[in-house]
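As structure tokens, one chain now follows by itself in the form predicted alone.
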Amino acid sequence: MSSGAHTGSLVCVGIGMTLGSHLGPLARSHIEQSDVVFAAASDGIVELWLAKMHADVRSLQPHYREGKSRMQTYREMVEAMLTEVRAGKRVCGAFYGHPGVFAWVPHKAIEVARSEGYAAHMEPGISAEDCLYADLGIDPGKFGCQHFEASQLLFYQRRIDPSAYLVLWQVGVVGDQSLKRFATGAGYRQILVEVLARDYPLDHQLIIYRTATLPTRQPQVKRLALSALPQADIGMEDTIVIPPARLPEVDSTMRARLSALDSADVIDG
């Protein structure tokens, strides 16, 4: 090991979704006080903003390349951060949104750092999910809310409850088995529609949602029928929200059991 063995550390922080608006005091402190900052941001503007807080900000974006497996890219990102940790430096990974939501690299980097004896932890941030609830006026406690990475509905036999909200992430690359693409086409989304049509009518309205990443912009909200999804313009930043298609079914048996318990409590009291 190097002379800096176990003196290095790693913290992965979330910088939120909207530039400058979502960064918490603790995350800012970690960015400012670290020895080196690795940035996994949505665009170059965010990296320039981070550079105003720290003199040594290194972008992780160059690891991406068309036709290159994203898993290889992710492993290279982890190694880039861990190399500096092993050199005895205080390393901060600044990640778009929440560093633990749809982000393999922060979880893996922290796991590896801890396994090698280094201090490592995660600080949460405001995610696209948080913005979604606010922008669309959704309370996940009202009907319940299910979240799936869209490809999971094609790769596995998952159970959907159409009486709850359904949120689908990364629909722009749905069905990609290679991990090398940055987009999949209408044919892949058509298969997704066929899966969803098992639980939703084709004329059921869904929402394509994109969070605002700059304070001067508004969130993008488009509504269309499920049947129109294959032809829709959907990018990596877009999330699909499917509202409930029916009311929850009452479980009369369980309600009767609960009523019996209520009556027993009154008698015992």
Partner chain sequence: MFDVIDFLDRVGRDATLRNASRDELAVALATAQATPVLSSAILGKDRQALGALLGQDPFCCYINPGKEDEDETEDETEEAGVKEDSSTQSQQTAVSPRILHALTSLT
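Everything numeric here is computed off the predicted structure, so don't read it as measured data. Numbering follows the first chain given and starts at 1.
Missing here is the form predicted in complex with its partner chain; even so, the following discussion is about that form.
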| Of these, L26, L48, L202, V221, which has a heavy atom no more than 4.5 Å from its partner chain in the predicted bound form? | L48
| Of A212, I31, L206, V57, which residue is found within 4.5 angstroms of its partner chain in the predicted bound form when only non-hydrogen atoms are counted? | A212
| said: Quick check for you: of 171-179, 119-127, 186-194, 136-144, which stretch puts a non-hydrogen atom within 4.5 Å of its partner chain in the predicted bound form? | reply: 171-179
| message | Would all three of V36, E79 and R114 be in contact with its partner chain in the predicted bound form, where contact means some heavy atom lies within 4.5 Å? | response | no
| message | Within 4.5 Å, heavy atoms only: does Q152 come near its partner chain in the predicted bound form? | response | yes
| task | Flag S259 as yes or no: does it have a non-hydrogen atom within 4.5 angstroms of any non-hydrogen atom of its partner chain in the predicted bound form? | result | no
| query | Q61 near its partner chain in the predicted bound form, any heavy atom under 4.5 Å? | reply | yes
| request: State yes or no: in the predicted bound form, is some non-hydrogen atom of A228 no more than 4.5 angstroms from a non-hydrogen atom of its partner chain? | output: no
| request: Would you mind checking 8-40 for residues with a heavy atom within 4.5 Å of its partner chain in the predicted bound form? | output: T18, L19, G20, S21, R28
